[in-house]
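Next up is one chain by itself, shown in structure tokens, the form predicted alone.
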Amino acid sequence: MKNTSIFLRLWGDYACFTRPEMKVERVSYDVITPSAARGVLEAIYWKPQIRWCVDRIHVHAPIRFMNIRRNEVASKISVNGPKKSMKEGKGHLGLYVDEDRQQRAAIVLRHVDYVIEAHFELRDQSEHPKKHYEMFKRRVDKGQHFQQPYLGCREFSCDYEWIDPLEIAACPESLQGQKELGYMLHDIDFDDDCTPRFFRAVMNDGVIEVPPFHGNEVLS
């Protein structure tokens, strides 16, 4: 365990970590992805001087799926529209939800409970890691965040709390043993033209080891 390691418990009623190969009708991964976990950490504490790295994901609730139907916007605004309007000084930028709405099915998770084990790396070596560690812990204890943390979709908000490693509960009986979860999104490589990178996720007794982002196990 690194001296900047943190343990954060997340839980919520619903979650949807959408598989990129099933975008039309949303289908969630079995568990939270490292990129979604990083998003929660950054929602609580983000500074340009640090970079969050997820090390392990502890799953503390049985994996349950359910089907729902939601109203979604069928299209999105083209990038060319705003560019043209900015160039010409006029144009139409609106998207009317009532005229462009459609209902889509989604397979989401119910009653999720995770512990995220992560650490941060310093982008600026002149910074003191203890300062950022204490600031993050203080914000978690006070329930402070820059934006509401959520589980995959913004409407699926989550609660969180600081947890000591010794307080991590044993995994449910249904999660004991080894389970192959297939290829899972690790994160987006923003330095390489926003390329998604994947890894082969394996859950052992409710724990998923997350390889380093630039490790050999992570593929584009």
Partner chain sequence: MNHRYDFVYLFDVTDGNPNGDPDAGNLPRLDAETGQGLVTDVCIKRKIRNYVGLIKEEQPPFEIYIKEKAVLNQQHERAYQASKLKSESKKLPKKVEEAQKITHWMCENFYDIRAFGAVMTTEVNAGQVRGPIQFTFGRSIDPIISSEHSITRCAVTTEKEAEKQQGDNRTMGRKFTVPYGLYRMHGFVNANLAAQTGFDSNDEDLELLWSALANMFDHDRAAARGQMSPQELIVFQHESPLGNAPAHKLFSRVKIERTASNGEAGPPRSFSDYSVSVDDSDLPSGISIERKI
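If you superpose the two forms and keep the largest set of C-alpha atoms that fall within 1.5 Å, you have the rigid core. No experiment lies behind these values; they were computed from the predicted model shown. Numbering follows the first chain given and starts at 1.
Not pictured, yet referred to below: the form predicted in complex with its partner chain.
- Message: Residues 133, 168 and 191 are flagged as a possible site; in the predicted complex, is every one of them within 4.5 Å of its partner chain by some non-hydrogen atom?
- Response: No, the whole trio is out of contact, none within 4.5 Å by any heavy atom.
- Query: Is there a heavy atom of residue 120 lying 4.5 Å or less from a heavy atom of its partner chain in the predicted complex?
  - Reply: Output for residue 120 is no: heavy atoms all beyond 4.5 Å of its partner chain.
- Query: With the partner left out of view, is residue 67 within 4.5 angstroms of its partner chain in the predicted complex by any non-hydrogen atom?
  - Reply: Yes, residue 67 is a contact residue.
- Query: Applying a 4.5 Å heavy atom distance criterion, does residue 157 contact its partner chain in the predicted complex?
  - Reply: Looking in the predicted complex, residue contacts with its partner chain include residue 157, since a heavy atom lies within 4.5 Å.
- Message: Contact with its partner chain in the predicted complex for residue 98, defined as at least one heavy atom pair within 4.5 Å: yes or no?
- Response: Within the cut-off, so yes.
- Message: To test your reading of this chain, name the stretch in 169-177, 52-60, 148-156, 30-38 whose heavy atoms come within 4.5 Å of its partner chain in the predicted complex.
- Response: Looking at the other structure, the answer is 148-156.
- Message: Taking the rigid core as the reference frame, tell me whether residue 100 has a CA displacement of 2 angstroms or more between the shown form and the other one.
- Response: It does, since the residue 100 C-alpha is displaced 2 Å or more between the shown form and the other one after the core fit.
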